[in-house]
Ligand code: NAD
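Below, in structure tokens: the form predicted on its own, a single chain.
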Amino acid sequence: MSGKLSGRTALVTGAAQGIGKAIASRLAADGATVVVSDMNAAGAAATAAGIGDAAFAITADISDPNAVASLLNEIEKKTGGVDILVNNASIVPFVAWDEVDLAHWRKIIDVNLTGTFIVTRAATDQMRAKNKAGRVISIASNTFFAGTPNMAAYVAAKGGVIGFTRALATELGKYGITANAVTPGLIESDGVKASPHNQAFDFVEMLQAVKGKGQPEHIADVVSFLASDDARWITGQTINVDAGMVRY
């Protein structure tokens, strides 16, 4: 890899497995020091160990402001602060509309949308305090465009992430901080393979312009670009990465 992120610190939430793990590995390969954060302490530690000296793990609940504040304080002590934030942590449910109650709705929104706000609030405050031209990259979902069934709260939350990204770009551009979203399609990740979504690959592939199963590395490639100086003139955008399943 190029070392294009050398000297920068990247925080990747939800990085114990799947897309987050692939992103963490790719950013480290590009030269960044990577903070692997997840509720799954053992999984986060394993991801960091697999990457090597360029990574370390911190367990944190992104829906808890105190935990996030501690996370950012620890990063500042170890590396001087965050340059790149990747909001990847998410709960991906499979719940039919008739079974969606308020408790489920609040849980999904709290993690997938409010959690994204909490981490972004803390990270961008740190970036501005240190005069960093930072990057905020949030993983949303192409379900927002497709209106995928059995995922009402998730689709709403990820749509909120897209809207939040647009507003954030407007607010933070004057500080040299960019904000973009990536919307993966169906990805053959650990979580998907262990869920009912694993049965949807054949149907989804019929809709794709490019055939095959999406892999976590496909998303990591795009995040790597957005984190780099090559993307310094791109902000407020949503980049759809689903082999052309959704075309708009």
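A residue's number is simply how far along the shown sequence it sits, counting from 1. Computed from a predicted model, the values in this text were never measured in an experiment.
What follows is about the form predicted together with this ligand, which we do not show.
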| query | finding |
| --- | --- |
| Of Ile187, Ala220, Ala57, Ala28, the one that lies within 4.5 Å of this ligand in the predicted bound form (heavy atoms) | Ile187 |
| Partner contact for Ala140 in the predicted bound form: this ligand, 4.5 angstroms, heavy atom | yes |
| Interface membership of Ile19, this ligand in the predicted bound form, 4.5 Å heavy atom rule | yes |
| Partner contact for Gly191 in the predicted bound form: this ligand, 4.5 angstroms, heavy atom | yes |
| Close approach of Asp61 to this ligand in the predicted bound form, 4.5 Å, heavy atom | yes |
| Candidate stretches 98-106, 125-133, 81-89, 170-178, one within 4.5 Å of this ligand in the predicted bound form by heavy atom | 81-89 |
| Residues from 68-85 in contact with this ligand (non-hydrogen atom within 4.5 Å) in the predicted bound form | none |
